[in-house]
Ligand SMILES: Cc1cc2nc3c(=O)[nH]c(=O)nc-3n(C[C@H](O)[C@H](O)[C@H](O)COP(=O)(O)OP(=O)(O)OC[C@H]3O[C@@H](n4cnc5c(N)ncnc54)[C@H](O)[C@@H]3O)c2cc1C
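One chain comes next, on its own, written out as structure tokens in the form predicted on its own.
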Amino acid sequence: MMRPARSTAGAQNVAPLISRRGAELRYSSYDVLVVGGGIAGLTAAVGAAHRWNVGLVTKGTLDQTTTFLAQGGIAAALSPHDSPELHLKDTLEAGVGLCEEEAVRVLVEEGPARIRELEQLGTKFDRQGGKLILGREGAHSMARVVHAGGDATGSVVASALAQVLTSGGRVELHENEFVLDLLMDSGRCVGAVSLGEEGELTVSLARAVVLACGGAGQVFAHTTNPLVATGDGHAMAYRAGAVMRDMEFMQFHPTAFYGTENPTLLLTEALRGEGAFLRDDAGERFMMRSHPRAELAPRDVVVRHMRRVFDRDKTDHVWLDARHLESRFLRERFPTVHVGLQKRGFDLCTQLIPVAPASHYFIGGALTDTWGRTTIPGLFACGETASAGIHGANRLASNSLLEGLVFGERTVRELDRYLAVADPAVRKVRLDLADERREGNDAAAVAESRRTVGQVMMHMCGIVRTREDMEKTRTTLEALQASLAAPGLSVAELELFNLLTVARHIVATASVREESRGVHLRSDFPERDDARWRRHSLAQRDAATGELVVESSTVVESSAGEG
């Protein structure tokens, strides 16, 4: 159920975060401002541009998003033997009691049409004999995952959408521009302020803003997410007063390459879908005795049993074994993984590959309904930045790209309705930016602080959590925040402040949830507790005090409509 945001009338939330410091100030104006260039943002921008004046701002380039790097495919009921009902059932089971059924039903029923539309845009999904090749992944009851370019689905899909976006000339694209904060006027979102490559500030006024900024995997030291995944959308939505939901749930992918890289190489779940095994140091397939689906159990279950092997064997990795699969097939089906491992001195075809869990997908996000509406008028969110209730406590494999497609498109439909009756223009708001001199923080100190955040979150509030460890984490984060001066106009500094904001939310909500459910594992509360905790966590900034407030809400039992 949607909750209204607390009043922020007259507040300009950018003032506490940045100072103008004499930077050049530019203005632009749109009907719709989309923030983020992944699959959700591209879908929203391309769709909205059919009717509205659209600007898209992304802090990197379109090939630096999590979508572009995605190896996994897109799940949808495309087989004559499959159905949306079966896809719904698998998603609800993987979500361990916290999915919102209405949102899941929207996902699975509208997904097939969105994939067909992608094909019409030029996306070439893998086929054999003219038929789509459907792969199987963890927790799916049947093969329903489409791929493109083998394990390069994300880049193929993103490239197709980007081609439409850039060739049509209907969307004003701004790459390498970092959005700092949202602009608020009398409780309504009316745009955003961003930092350009040359240090200039741009005030983008908009009748509606769509946050599609991706995830926050960089909160943790071991992640598959690109360096740009610093939770910027989550942090700015929170500062604006939006309700954030289920921020304790960060999904760790079981099979990331074990090493010190950041980001690390993902070994796609499709490898296990094609028959690769997980083995411990003794060579035993430990998942065989742990779950009926063995290596294709839900991700949270695989990670949980990997952790038990780590504790038992005093190790921090296990082994992925694809040696029994045909070499030519592996090279052709998984070119990204095969070449990536070669660069790291490993051969997928002939060697065991060391793997360990890495942060992969942030389930928590800005609370939205099934039309992308947040709790703030004029502010919409879709994709990984949003929490529409699809994933519950554990995302089903290959539902993430589908989410961006389905809810990006639904956000466009709601924008059409909203803008048809909203004010025809946004007045030029007063921008309360201080012009004080801020030296900011030393670059080396910022880099070291970012490493500290990643390490403490990974080791103290990562795969397995305890009250004692989370209290230590909270203390460390507070001390780190207190040691920092107010940020200057530096992307690295501002990313650090966003990471600290998201890390605080994860710790606060994880501390409250005294159970183990899905990707949230607590060794001091090892059992699932439906009686007390089949509830969502809600986090919001108190407008009067600026403090973080954590509450909870019930899971909607039926598919009744949301307000």
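From 1 onward, residues are counted along the sequence shown. Note that this is a predicted model, so its numbers are computed, not measured.
Only in words, not in the display: the form predicted in complex with the named molecule, which the text now covers.
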query: Residue stretch of 175-183, 463-471, 77-85, 240-248 approaching the named molecule in the predicted bound form, non-hydrogen atom distance within 4.5 Å; finding: 175-183
query: Every residue of 501, 509 and 537 near the named molecule in the predicted bound form, heavy atom within 4.5 Å; finding: no
query: Partner-contacting position among 140, 272, 360, 222 - heavy atom within 4.5 Å of the named molecule in the predicted bound form; finding: 360
query: In the predicted bound form, the residue from 368, 255, 411, 399 that sits within 4.5 Å of the named molecule by heavy atoms; finding: 399
query: Exercise: residue 39 in contact with the named molecule in the predicted bound form, heavy atom 4.5 Å; finding: yes
query: Contact test in the predicted bound form: residue 95 vs the named molecule, heavy atoms, 4.5 Å; finding: no
query: Exercise: residue 372 in contact with the named molecule in the predicted bound form, heavy atom 4.5 Å; finding: no
query: Contact label in the predicted bound form: residue 516 to the named molecule, heavy atom within 4.5 Å; finding: no
